[in-house]
Each structure stands twice: as structure tokens, then as C-alpha cells.
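The chain below stands alone and is given in C-alpha cells; this is the form predicted on its own.
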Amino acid sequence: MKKKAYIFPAFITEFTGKEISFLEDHNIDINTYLSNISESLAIELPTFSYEHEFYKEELNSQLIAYSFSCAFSDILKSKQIIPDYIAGYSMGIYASLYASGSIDFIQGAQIIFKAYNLVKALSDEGLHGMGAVVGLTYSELNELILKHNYALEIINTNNEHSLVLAGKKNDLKELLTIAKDLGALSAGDLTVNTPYHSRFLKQFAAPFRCFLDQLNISDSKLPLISTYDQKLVFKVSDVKLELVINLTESINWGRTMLKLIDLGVEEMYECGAGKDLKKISRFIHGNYKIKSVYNI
């Protein structure tokens, strides 16, 4: 039998327009998930609609993406498509831990809410940002950062041709311009004011860990692949550490994908709205397929 994995995208996503009808075909209303979050967090998430761009606001975007990912994994499990491994891209870690049985749905929302509010003051300053460059290597991009002494970090390697940066917004703008001049296929900023996965968030590691210690988190029932060092994560202590690291340290999605391939995974199900993970997998070679949940 082929080994399977659930993979969970981040909160920056482009909707296909098929998500709602697909969920309805499986008797799932995404707004039930959102109303449960609203009640538990004492906030008001609007009813989801493709027409209204409220879902692009950072907190809304995170909680909505999380809800869709959890709903998709619920459907896969109901179809008895059980994964051998799980991995979450960036903030996909929260839905991955939900699917692994380490946290429940509301706990995941609580963790997202806490992380958002911890870093909100830094985000509100508007001095930081994130960007993506396609077409330059890690060494070429890092050389530019060092040469100009930019307050930036390469915080994720999607594949050898696709990199994500975070840091000071002014430096980021300059670097993206230089990258285009050097022949990058694309170089642009992301609609995020928080420098996730970087040293700029290290100040929040201790209070975030303190919050996690107050939650009743369980051992993971399925092996989670760390996007930081690609180790298998099971125990509660490792789950908590992974959550903190995911906020404050760089990740490497390309190596995470290669780890899944090395473990013999041939079928990966993208549990989330859009097709972001399928798109960035194009330069990751191996005997595997990323399967759409829409075709189960």
C-alpha cells in the first residue's frame, strides 16, 4: 500500500472558488467552524464569502485558512484516507497538529490567536514585512543581504529556485528591486507586516511557550515532520518546542518535502484552500504526487 501524507498550506492563499461547494457536498458548513472559533475566542468572524475581502485581514486569514484545512482533513479521515505522516507549511502547523490529534480544533484557534496578539504590536509598527524571490539561489540572495548589511533573513526555502525573506520593510524593498535587476523571475512583497520565522520574533518565544504550557496538549498520534530540522515529532515537549521554533526560526519546506519522499511517501494530500503547495512542488523531484482533496 502506498504511503500517504497530509500537507497543510500557510494562511496566504488564493481560493479556487471550489472550496465551499466541495465542503457542502460532504455536508460541512465552513461557517460552523468559524462560529465555533468566534464563540470560544469572544470575537466576531464574519460569514465566509468569496466576494468580501475580510478574509485578507491577517487574523481572519489565519483563522479561516486553519478552518478550511481542518475541514479538509476531517473529510479525508471520514473517507478512511489515513496518513502515515503529516507536515504543515508555516502556519499550516496548527492544522497539522489538529489532524495528528495533538490539539483539538479550539486549541488550535487559541494558539493562533495568542501568537497573533503577541506579535501584533510589532506588526502594527509597519516597519517589517515578508517577500518572495523566484529565480535566484540561496547563496546569491544571502550574499546580497550580507553585502548591503540588510536587516533581513531568508526564512524559508520552498525549493532551490523559490525563497522567502523577512525583516525590515525598507531593506526588503531595496533587495527585491536588486533581485529583479539580477534576473529573478519574480520578486515581490507579501501582504504580511509580521516577519514570521525570523530572529525579529525571538522576543516572543518565552511568553508564547508559557502560554503553550497552560494548554492540555497531547502527544501526536501521527508523526509530524518538523519544517525546522525535519525530525519526527511525537511527544508533547517536542510539539511545544516545534510551535515556538515555527514562530521564531527559519523553516525549510523543500527539505521537508524531500524528507517525506525519503520516507517513501508517494501520495500527498494538500489539505487547504487553493493549490499553493502543489505550485511550489514543481522543482522538488521524486516519486510522489500531490493529490487534490477535490478528487477523492
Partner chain sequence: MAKITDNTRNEVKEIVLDFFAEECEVDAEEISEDANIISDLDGDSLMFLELIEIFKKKYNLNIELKTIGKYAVKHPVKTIGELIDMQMLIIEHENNILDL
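Positions refer to the first chain, counted from 1. Computed from a prediction, not measured in an experiment: that's the story for all the values here.
Omitted here: the form predicted in complex with its partner chain. The next part is about that form.
This chain lacks the partner; the member of Ala115, Leu176, Ile75, Leu136 within 4.5 angstroms of its partner chain in the model of the complex by a non-hydrogen atom is Leu136.
With the partner omitted here, the residue from Lys168, Arg199, His148, His161 that has a non-hydrogen atom within 4.5 angstroms of its partner chain in the model of the complex is His161. Judged by heavy atoms within 4.5 Å of its partner chain in the model of the complex, the contact stretch among the candidates 213-221, 176-184, 101-109, 190-198 is 176-184. Proximity of Glu140 to its partner chain in the model of the complex falls within the 4.5 Å heavy atom cutoff. The shortest heavy atom separation between Glu24 and its partner chain in the model of the complex exceeds 4.5 Å. For the chain shown alone, Ile280 is a contact residue for its partner chain in the model of the complex, at least one non-hydrogen atom being within 4.5 angstroms. Contacts to its partner chain in the model of the complex (heavy atom within 4.5 Å) from stretch 245-277: Lys275 only.
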